[in-house]
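Before any questions on binding or motion, here is one chain by itself as structure tokens, the form predicted on its own.
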């Protein structure tokens, strides 16, 4: 007897292109062919020692049971204190902070709390690719905000975005600092965004996980702090993954006014029992402990950024867009007739270097490659040498 079909909504979902590229690289490595990785958005640093020690102590203290579903009160209080101290945001830790199992779960929880089937969500193009899939999985439609690249910077085309609004548009989702482009939205960007949201009675979801990876001359701003009138309709999504090199811990937080946090809590209790208790104790130490580790990682990212930019700028056929934040560089393909996916696969096969095609992030990403400098300087240097050699011999063939 034939089994019933699985959920039809899965047919429209594709896996992240990064995973496709990693699988291709994995096959090469299984064959004994070395691959230099310049692809993933994962810090190569170990979680700082004092944070790891806090988790070990928590295990010994019996933090091995279900935690409170909203997260431990002391962790929520520490998040609220951090928001006020660093972001200029005030939040009631007992009613407006929800500890989540990482930012991806936090994003799903936010979307599920806001959307009804058939709703539309405006998202930048290019953007971190799982966002569109989360929206589609909820039987809603992602609608792209096209982008332009000028003066070595990506920016949102708000005039075109307004024309794409409809009676079904419910929310706008942004990623600031912005993966994959590296843009850090300034006050003017955020004011224009807020005007569109407020003027059309929309919600705003602001993913701010790269807030600490911002380079000299730039500053991360939380939109709800810049424009207080938007706070009542804003959900801020954040995590410990990038700031504290805690990707494998799967712990983050959502912040919003009480009605929105209450709605997210109702969603969240259906899909999770919260991050591990001992992990929450480690996250508490991350917020309350010394921050030297964050500064050290920031300084290293700055050095790696310069190394990558200098190497790509000297290369014939690629022109990097200087990132203001994140640990990614988007580089424009200036020669040859290959699409970004084809060129990325060719670089992998011929040069042994793994990068991400810009098309993975939306149609406006076509014609670009994304390079991650969340990897060692040695990796970056070796990757640049291999790619340069390949482009010099093969670009345009």
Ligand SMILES: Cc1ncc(COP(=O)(O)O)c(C=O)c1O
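Model, not experiment: these values are computed from the prediction. Numbering follows the first chain given and starts at 1.
Although it is not shown, the form predicted together with the named molecule is what the next lines describe.
Stretch-level contact check against the named molecule in the model of the complex with heavy atoms at 4.5 Å: of 191 to 199, 260 to 268, 99 to 107, 286 to 294, the positive one is 99 to 107. Among residues of the shown chain, residue 301 is not one whose heavy atoms approach the named molecule to within 4.5 Å in the model of the complex. The closest heavy atom approach of residue 209 to the named molecule in the model of the complex falls within 4.5 Å. The named molecule is not drawn, but in the model of the complex it has a heavy atom within 4.5 Å of residue 128. In the model of the complex, the named molecule lies farther than 4.5 Å from every heavy atom of residue 76. Contact with the named molecule in the model of the complex, judged by any heavy atom within 4.5 Å, is made by just one of 280, 183, 175, 234: 175. Note on the partner interface in the model of the complex: the residue among 367, 352, 41, 67 having a heavy atom within 4.5 angstroms of the named molecule is 41. When contacts are defined as a non-hydrogen atom within 4.5 Å, none of 338, 341 and 359 contacts the named molecule in the model of the complex. If you take 241 to 256 and check each residue for a heavy atom within 4.5 Å of the named molecule in the model of the complex, you get 241, 242, 250, in sequence order.
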